[in-house]
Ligand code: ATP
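Listed next as structure tokens is one chain, alone, in the form predicted alone.
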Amino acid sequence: MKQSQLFTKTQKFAPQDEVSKNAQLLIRAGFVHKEMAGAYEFLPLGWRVMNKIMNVIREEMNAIGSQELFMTSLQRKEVWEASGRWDDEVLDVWFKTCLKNGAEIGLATTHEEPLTALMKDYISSYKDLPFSAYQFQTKFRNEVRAKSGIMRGREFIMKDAYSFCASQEEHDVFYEKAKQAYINIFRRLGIGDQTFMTFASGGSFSKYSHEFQTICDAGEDIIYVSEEKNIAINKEVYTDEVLADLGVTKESLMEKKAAEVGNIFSLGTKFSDALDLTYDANDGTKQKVIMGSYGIGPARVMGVVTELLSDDKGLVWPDVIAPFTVHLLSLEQNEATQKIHDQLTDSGIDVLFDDREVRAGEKFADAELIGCPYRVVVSKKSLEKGGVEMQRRTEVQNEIISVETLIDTLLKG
């Protein structure tokens, strides 16, 4: 990708009405565009990052046997009336509208009801269970406030997964697999050491649900962290009973601000009761399907990574989700740089080639703002010394190395 042709522009200043650090940086670096409060367009750089985040999540969900699908955002009123959640007094973040024939419909906030209704056509016997499905799909929530940039949107992509099991024991097995998958996801995304499985209210279906909370000053939650046990407790369930249950003391916990990047819930038979999702058991009786739900917000992850890992110069992307591995800067050496670009891309390395006719200082500043893991500079000086100048985004030192050594270094990670 040549930067002269890239559909994006960097900016020196963020919009004055944007208060969140993540949105300020992502807008300045040309990753997102603010359409309105709580609604952002992802430009080519930002969409590359989003897709890489989603691919990590996809790989871990596939590994535990969940199957990907894609459902509609438009929602039938009667499906949600069955569970009682069409009522704005019960679910207060609906966007609702009407078809031209007058029928009222909603824009999905989540998908427990419609997927449960769909599964009535596919689950009839214990032989059909267990089953899990997930999707990356646009959700709409009429939030009262949306001041956290891409970390809290009114329109956003969610990875939502749902499990369907014949027994509580079967559900518990899948739930533990999902829990480990989430731990793997956040570790791979570069925030695992700051993300804690957090005990929260399980409602009427289980003693606890589990949130995945990342320590972050921009977060909206308060959690109490046990570094010894590598767990945390949400403030909403921070009681002596829970402390005793988890074997921790108040003195051993640290209060932290955190951002929720994922959650998993046991749902029991709440939705299978409401929508009459049953299966024929081995003993010939009809039983209700036991469900769970598992959510991650890829944009929230992207925002949290921005909040945590950026510095005073700009974004700093972990290798696995960076828009490009290498930001290749040509200092009046476009012909030689093009050949190096081709060698890198032929080796399977993602390269953003800054071929623009602008000052070197502007190229360096943009490279730091965009935040690719490696900056590689091709100049008359570097070529005379037999190579290119390579610098890690997180390091001050740079070195001149041959193109072959550069490729070997990048392929080894």
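Quick caveat, the model's predicted, so the values are computed rather than measured. Residues carry their position along the shown sequence, with the first being 1.
Below, we turn to the form predicted in complex with this ligand, even though it does not appear here.
Judged against this ligand in the predicted complex with a 4.5 angstroms heavy atom cut-off, the residues 351, 373 and 377 are out of contact without exception. Contact with this ligand in the predicted complex, defined as a heavy atom within 4.5 Å, holds for exactly one of 156, 224, 175, 317, namely 156. Proximity to this ligand in the predicted complex, defined as a heavy atom within 4.5 Å, holds among 232, 261, 289, 185 only for 261. Shown alone here, residue 111 lies farther than 4.5 Å from this ligand in the predicted complex, counting heavy atoms only. Taking the partner from the other structure, this ligand in the predicted complex has a heavy atom within 4.5 Å of a heavy atom of residue 300. A residue is said to contact a partner when one of its heavy atoms sits within 4.5 Å of a partner heavy atom; residue 141 meets this definition for this ligand in the predicted complex.
The closest non-hydrogen atom of residue 152 lies within 4.5 Å of this ligand in the predicted complex. Between 198-206, 249-257, 323-331, 156-164, the stretch whose residues reach within 4.5 angstroms of this ligand in the predicted complex through a non-hydrogen atom is 156-164.
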